[in-house]
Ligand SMILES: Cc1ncc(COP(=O)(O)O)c(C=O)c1O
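Coming up is one lone chain in structure tokens, specifically the form predicted alone.
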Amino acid sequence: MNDQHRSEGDINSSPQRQAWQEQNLDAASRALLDADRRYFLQQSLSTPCLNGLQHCKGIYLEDLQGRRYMDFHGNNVHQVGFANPKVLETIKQQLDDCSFCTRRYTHQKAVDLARKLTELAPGDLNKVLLCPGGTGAVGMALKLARVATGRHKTISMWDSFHGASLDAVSVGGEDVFRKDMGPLLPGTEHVPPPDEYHCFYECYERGGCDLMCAKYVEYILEKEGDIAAVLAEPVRSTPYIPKPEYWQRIRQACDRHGALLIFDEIPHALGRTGKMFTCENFDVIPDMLVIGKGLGGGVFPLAALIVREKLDVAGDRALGHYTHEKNPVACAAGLAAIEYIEEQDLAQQAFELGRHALETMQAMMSRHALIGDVRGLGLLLGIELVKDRSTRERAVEEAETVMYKALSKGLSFKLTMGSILTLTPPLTISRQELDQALAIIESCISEVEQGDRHVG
């Protein structure tokens, strides 16, 4: 398997996964996986599946054998935890009141959700479009950028993920989605991401980050002259955490050259980074903000495009027109999730727990040569494993072993870029549970360093 295929997550066809399944799954679990494989198309990262679930609640998943796992993956939908009582109660009530809103009509819950989003969003991001998923919301943003600017070119980043549809993979930068797909959208320029640890421009060999990656974006904006938008995740899920000056510089460059700045915050908005919106960590207001995943309360697929009021310029055409655009049950779930985040002050909790986790991870790094770097913003955390700190060579096999060892000890997380333990727990997690999870990771790293590659 090409290591580039590991950028978005751990692969589903590795020998280590097969070994873990052989040692941990009973006959009933295997039967379910066989049935799943029989009826679903196989695809990288997804099917064949790892295991089967029968329950989820709070920070935990429960498989068919009754084993519980702290979920530090969650597809990033679980800001308020799984089966959040407030969200479920609201959904049940809404199903009785009004279960669907057909096209050409609106519903009070949809209006309430749109109003709430505009109240929360920074600056003059005062207009909203809803749709069932983040990929669709990215598509709407791309179309609106074309209408608003009269241009079609974009700048986005290699290794980025913006969804799996053809337009989204065109602006995305991951080989596993783009390879051999034939013609993609024209005019989609790509630049290296602001990954200081593996900087394409080798800034770490020049004494530290000098924003060369931001300068290159500026250079393209100037030379092309007709870029419609810069589209990016303000923080990549690995995570790559750029300096605030990076986005401030690109914001200024977009303004100079008439390009829009679109932030894809689908995985992280609504509190994960210690702020309600990720861009607030950088003191930068984009022209468009795309959110999703956690917006549905960990139950419903729901996403939103939030834009500056001056971009309400496409009234003569359809940007989305999705069947479930204003689904009252989904909107009720979204409102309940946001209310719960505010009532429990989960963004502040993410900030405080994230700071504690980062300190713990830094202490782990001092004890383990396998850890090359640790980073985090709120409860978006990453531990990068390397074969050698001086060369920064990715420890891909070692990271996969750590992941499956942790799974056997009751902790689930994903790998990104092959070697980064990416940790995104529910924002409802307690400090004790967070410490328990980090202790599991450290014990697994210790075992690997000592030569134990057993994953069962």
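Note that residue numbering follows the sequence shown and begins at 1. Quick caveat, the model's predicted, so the values are computed rather than measured.
One more form of this protein should be noted, the form predicted in complex with the ligand, which is absent from this view; the next part is about it.
Stretch-level contact check against the ligand in the predicted complex with heavy atoms at 4.5 Å: of 363-371, 240-248, 128-136, 110-118, the positive one is 128-136. The listed set 256, 321, 179, 206 contains one residue whose heavy atoms approach the ligand in the predicted complex to within 4.5 Å, identified as 321.
This chain appears without its partner; in the predicted complex, the one residue of 140, 329, 279, 266 with a heavy atom within 4.5 Å of the ligand is 266.
Interface residue remark: residue 384 is not counted as part of the site for the ligand in the predicted complex, having no heavy atom within 4.5 Å. In the predicted complex, the ligand sits within 4.5 Å of a heavy atom belonging to residue 163. The closest non-hydrogen atom of residue 287 lies beyond 4.5 Å of the ligand in the predicted complex. A residue is said to contact a partner when one of its heavy atoms sits within 4.5 Å of a partner heavy atom; residue 293 meets this definition for the ligand in the predicted complex.
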